[in-house]
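Form predicted alone, single chain, as structure tokens, below.
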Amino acid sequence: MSDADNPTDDASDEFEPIQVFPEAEEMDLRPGADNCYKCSTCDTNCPVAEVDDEFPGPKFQGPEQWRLKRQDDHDIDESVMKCSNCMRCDSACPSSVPLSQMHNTARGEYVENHMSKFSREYVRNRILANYRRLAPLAATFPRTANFVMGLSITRWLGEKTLGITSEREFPAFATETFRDWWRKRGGAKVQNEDQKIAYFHGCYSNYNTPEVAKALVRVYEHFGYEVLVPPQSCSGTPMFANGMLEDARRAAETNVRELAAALEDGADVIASCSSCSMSIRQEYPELFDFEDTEDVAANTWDALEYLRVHEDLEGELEGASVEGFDDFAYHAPCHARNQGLDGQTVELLDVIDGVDAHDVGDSCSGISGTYGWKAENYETSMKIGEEMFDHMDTADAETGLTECPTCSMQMEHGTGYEIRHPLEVLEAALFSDRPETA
């Protein structure tokens, strides 16, 4: 993770806080900016800069803009809105410069001070960033919503009026959300005061892919965990990416409060989406200072990561087989790589008989949440994804596998493959002879 509070020894001796951005009253990233020695490693690892010659790259968006901002006559450059927020620059930087923290803050200032609140771009970005606000309405009438959103005229209107690309098909809403299923099920089937998890399911697993959330519940109950499903808002990832920092702050405040209460009840926080866990673990403590933010971040885990650390997961799967699945073309999302989780799924599936996960390489999928949904970014998004598409095509598999909802959209869009989540495979391996029908 980025560490803005860890300047070099010399810098800390001489450091006196300054207010670089007037709006960022409690944030000063100068130590991180000063740690940048312009090696450009972040630029060479940026998937947008690789295919878009007009994008100046993360070094400019981060440290150089912060240096320029020390002069009163420099505004945030609008190119910061071309950053896809994949956050690869964070893990690439050899000096732990808090690049994505700088980008998030710069985007927030640009949107607040330089983007008209009546512009099409602002309205479009606000809609995309607040999927959590609109999804409940569509989920109330899922069949109608799916029919309307599946019409070509709807996609055409979306591009003409809002700038949402018509090239992509909108994801379908489930006929029953995960939380509705959870309520009808009667909640947890396992009670265990000593082993509890608080499940942060995120928006997409609730409204679009409840099968992923159900798989997590069944897998964790198999290992004897009591599953809590606390109230929650969006993780904030699409809000950070669109410079909607006040929206992100409100969502984060709700999540930290509810997840901190679960920690107090003896639970650890588990997420099935790599972007959600990334947001809670890294972006919350970088950008917000709510009470318990650090505790919630320190006790948040990826779903497979937690089981591998706390249970003999490989031993449990040894000799297990699955039905209904073939080999997979696996893509590790950028936000999983940033958390050091890129190898775990391939290693885990390696012990299950009958399936193999073929890693399709370390390239970015290109969609980066809402980035690839914007008409002006669509072609760039597909160029970034070309390497992944090619590797999927050459892999000995016809089904895709990933932990990220929007990466799965891009994988399906670029190849036509069906895409699954690793938790679904894990569930199939653990319950091959005793499926739950509830």
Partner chain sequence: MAIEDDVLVIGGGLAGATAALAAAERDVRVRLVTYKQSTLRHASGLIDVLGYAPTDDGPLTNPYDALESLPDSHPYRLVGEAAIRKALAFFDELAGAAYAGSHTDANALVPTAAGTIKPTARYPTATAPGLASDRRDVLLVGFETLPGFDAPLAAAHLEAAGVPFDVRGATCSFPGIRRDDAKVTRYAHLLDVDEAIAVDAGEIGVRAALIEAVEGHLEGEARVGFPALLGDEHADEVRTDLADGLGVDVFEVPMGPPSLPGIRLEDLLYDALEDAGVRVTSGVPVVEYETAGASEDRIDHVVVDRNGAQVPHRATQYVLATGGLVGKGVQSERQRVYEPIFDCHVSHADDRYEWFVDGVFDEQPYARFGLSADGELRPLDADGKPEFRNLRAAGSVLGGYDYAAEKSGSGVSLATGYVAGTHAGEAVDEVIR
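Positions refer to the first chain, counted from 1. All values reported here derive from a predicted model rather than from experimental measurement.
Unshown form predicted in complex with its partner chain; subsequent notes refer to it.
The contact with its partner chain in the predicted bound form, taken as any heavy atom within 4.5 Å, belongs to Ser95 out of Ser166, Asn146, Asn192, Ser95. Residue in contact with its partner chain in the predicted bound form (any heavy atom within 4.5 Å), chosen from Asp326, Asp312, Asp265, Asp353: Asp312. Contact annotation: Ser40 falls within 4.5 Å of its partner chain in the predicted bound form, judged by heavy atom distances. Within this chain, Ser91 lines the site of its partner chain in the predicted bound form, having a heavy atom no more than 4.5 Å away. Among residues of the shown chain, Glu50 is one whose heavy atoms approach its partner chain to within 4.5 Å in the predicted bound form. Residue contact with its partner chain in the predicted bound form: Arg281 places a heavy atom within 4.5 Å of it.
Heavy atoms within 4.5 Å of its partner chain in the predicted bound form belong, among the stretches 183-191, 281-289, 213-221, 232-240, to residues of 281-289.
Each of Thr44, Asp342 and Lys383 places at least one heavy atom within 4.5 Å of its partner chain in the predicted bound form. In the predicted bound form, its partner chain lies within 4.5 angstroms of at least one heavy atom of each of the following residues of 384-409: Glu386, Glu387, His391, in sequence order.
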